[in-house]
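Alright, two takes on the same chain below, each alone as structure tokens: structure 1 and structure 2.
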Structure 1
């Protein structure tokens, strides 16, 4: 009999070890991430796809904004130039711009050389006799102006002023001011630099390397510059920088939280058990659960998000409860050694099983969420808890040494029972608290929820402030509004962009838009270029010009170079993308016109007036877009899109949470078979939930989707306590009470620690579930019937 038991024990242990080995193997091949992917939808709408592209791969996602501050303006500029010089030779960066005239000459030569293909002013009317006369007259009048000195040398080649028109069109955007030959903030406190990385914004490793290169270049520049630069500091921001920073924060937090919560729980367990064997056995379900959880997420999602691991520390708190129940109960039943495990199985397993099932129903609502971060949490928790419960149920009783004893906790249990018996005295005061909480919630109903996706952003307030400051300095507000045109070919997309641009131009003139960008400005479609070439006169050009100068103080003979340029422009092949190489226009085109899979996309970012777009403006833009007749053109408001994405998640999570709640109620009804008892079990939980919400509202928190999940977890975890207090039959024993209190302490320390995290997502769950778990226990004890707690 004894040998048989030993054999089973070793067989079970070997099986467990094999399982651990398989898990370890899967985990070594798992990809861990900590980027924004947790927040992005897996099946996006076309508008959301634009948002996704911008966040993960678009040129905007590859920009790093740099500020150099802390010394004097001349030093800042000198450092900026040194850094830029080094970074321009670095393959990690596509472009580095700090206002130095690096490409200016090449850009100007390109624009001038191709002015008749690029300028929207080139039309048949402009090259008629009357059109030429008017254009020449304008140019001569311009000679009288202060700018005249600059255009005078161009007059023989460009008497119609095409280059002036082109410059005016392209320099419409705000540029930072120059200070000592480099970009600087308006107040002169910082030098500014803008770099585009080769790595995509979603490539966090690549972004991290680029940031390191940037820092090295800065350090080297400071060293070269000497003492004056010693106080200079480097500030960086951008989507990629945010990814790197949040990954570092999440990694640091997850490591810290795991270590601290493990230490707390180990200390607690040692305090109760006074036995390392019991500690090791007690941690067995937790470790198994965590491993299986990671493996499940890895297999189910292809990668594991750092936040999921952070959340996993809370699993330690819940899974360790099961073994606590087992050990404390086994001590109680230890008088009859052989029967200890069996008694536990018959007496307590059903209650624990119900607790596990309620948790699973709660987490299942996360699993269905289209918010990938939540779905991962759900899968991780379900797999982890089921494993922990199964290990506790089937492996642990086998593993208990035959003379396994933990410290006698009945003395503590009796003291707890005395306290617990008095708990119902608190019934009415606590009921008042719950009622007051309801009042608070009603009062705060309008400001209770946070409706912005950014509320989940793992980026700290300080980093967001740096971002806002540098953006304001750069005169580069967030790209918020844009029109995106997609199609199967570059030429088709460019043509669509041109017809959209034709509709947008009147809006700029009316002041609805302050401006807009289009790739067709730098690379017109072949069709448009051919149309412009067709506008240029052929043989009779000289004749038309001779007529056009009539009445003007100028002789046609001056314009021989003009005739030659027009003839050359008419005969040449249209511009292709490759013709823009080595100019900064190439970057402009590539950032606005790009291929995704088989489709080409053109982006037309719109600049709004400082106050943003009013509803009428949005309406005018949509009308213009409809008039352009381009079915593949979409107007996208990135901020509205991201907030809508989030409110979609929130709405869905609300429904699923309610579904989870219903599931828990059904489960309780099935097992307790008494609506009264179910109501009795749920009442303290409801009271705990409203109290927590009221506390959060009063402390100025606005609830996010994660708080909602936290509330669901209070119900799922708290139902265990409520079940013990409302349990049928025997009154709750001092031993059970002890295990409940310890289980509660471990849960509270697991979740409570998250409350101190600087990652908002983890903090939200922590500040909700931590206090909620304590309140659930207190409410459950107070609302319990007096006779349900056994005395000595």
Structure 2
């Protein structure tokens, strides 16, 4: 008999070890991420696709804005130049710009050589006799202005002033001021630098490497400039920087909380068990559940998000409950009868199994969510809890040594029983608390939920402030509003962008917009370039010029270079993207015109007035877009899209949670076969949930989708308490009560710690489940029938 038991024990342990090995193998090949885009939709709408592109692979996501401050302005500029010089030779960066005239000569040469293809002023009217006369007259008058020194040498080749028009167009947006030969903030407090990384914004490792290269370049520059630069500081911001900082924050918080939570729970278990053997055995379900949870998510989604791991650490709090129930309750059974394991399985396992099934039904609702983050959490929870329960039910009883004993907790159980028997006295006061909580929820119903996606962002307020400051210094356009044109061919997309731009320009002149960007400004469509070439006279250009100078203080013979340039421009091939290489215009085009799969996209970011866009302005923009007649053009408000996306997730999760609640009710009805008993089991859970929501509302917290998950966890954890207090069997014993209290303490320790996390999503779960687990136990004990507590 004993030999057979030993064989079963070793066989079960070997099977468990094999499972752990398989899980470890899968986990070593698992991809872990901390990118919030992993929580974005898999089947986005066209507007949401624009948002995804910007977050993951768009050129905007590859930009790093840098500020150098803390020293004097000359030192800032010197450090900026030294950094830029080093980074321009680094393959991790596509471009590095700090205002230095690195590309100025190439840019000017390119613009001047292609001015008749790039300038929107090139029209048939401008090159008529009257048009030429007017343009020549304007240029001659400009010779007397401060710009005359620049214009005079160009007059023989550009008497119509096309290069001046191009410079005005290119410099129409906000630009940083120059100070000591480099970009600087308007108050001169910091030098500015803008870099485009080769790694995509979603490539967090690549972004981290780029940031490290920047830091090394800065450190080297500081070292080179000695004491004068000792107080200088480096600040970086941008979507990629945020991704790296978020990952570091999540990793740090998950590690810190896991260690502290584990130490607290281990200490509690040692306090109860007084046995390292019991401690080691009690952690088997936890380890097994965590490993299987990670493997399930990895195989189901292809990657595991850091927040899922963070959430997984809290699984310790619930999974360890099962072994506590086994050890404490089986000791009671062993004291009463022979065959502890068999009796525990007969007398207590059905109640724990029902609690596990209740949790599974609740979390199953998350699996249906189109929000990948929620589906990950649902799968992790179900796989982890099922594994922990199965290990407790089938492995742990076999692994218990002969004469396994833990500390006798009868004395503590008797004292707890005395308290629990008085708990029903609190029934009506607690009922009043629950009703008051309902009133609070109704009063706060309009502000109860936070419908902004940014509420989930792990980026700190300080980092967001740095981002806002550097963007303002850089004069970066407001990327909240934009028009996106898409199509199967670059030429068609550029033509559509030009049609939209023609309708937007009047809004700029009316002050509705302060400006807008367009890739066609730097690379006009082939059709537009050919139209401009057609505007240039062919054979009679010299005759028109001779007539145009009539009455002006110049001779036509001076403009022979002009005639040659016009003839060359008319005959040359239209510009292609490759012609812009090695100029600053290439970055501008690449950031506004890009290909995704088989489709081309052109972005036209809109700059709003300082007061933002009013509803009338948005209506005017939509009207202009309709007038452009481009069905492939979308007006996108990125903030509204992100908020709408999150709001949809929240609404969906709410409905699925209600569906999960209905499933729990059906499950309890099938198991307990008594509506009254089901009501008694659910009442304390409902009271705990509404009380926690009211506390959060009164403390100024607005609920997010993670609070909703926390409420589900209250139901999952609290269902065990409620089922024990409302069970049909014998009255709850002091030992069982002890196991419930210690299980509650471990749960509160695991989840409550999350309430101190600096990551909002983890904090939301902690501040919800921590107090919720305590309240669920208190409400369950208070709403229980007095005779359900054993003892005198």
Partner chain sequence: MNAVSPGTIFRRLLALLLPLVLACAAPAIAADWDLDRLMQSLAKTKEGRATFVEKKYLALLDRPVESSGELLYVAPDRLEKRTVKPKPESMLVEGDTLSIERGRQKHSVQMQEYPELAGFIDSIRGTLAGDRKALERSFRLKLEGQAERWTLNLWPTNAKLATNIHLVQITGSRDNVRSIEIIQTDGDRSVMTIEKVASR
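Whichever C-alpha set is largest while still superposing within 1.5 Å between the two forms counts as the rigid core. All figures in this text were calculated on a predicted structure; none of them were measured in a lab. Positions refer to the first chain, counted from 1.
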Would you check which of the pair is the form predicted on its own? 2
Superposed on the rigid core, does the Cα of residue 386 end up 2 angstroms or more away between the two structures? no
Residue 554: Cα shift of 2 Å or greater between the two structures (core-aligned): yes
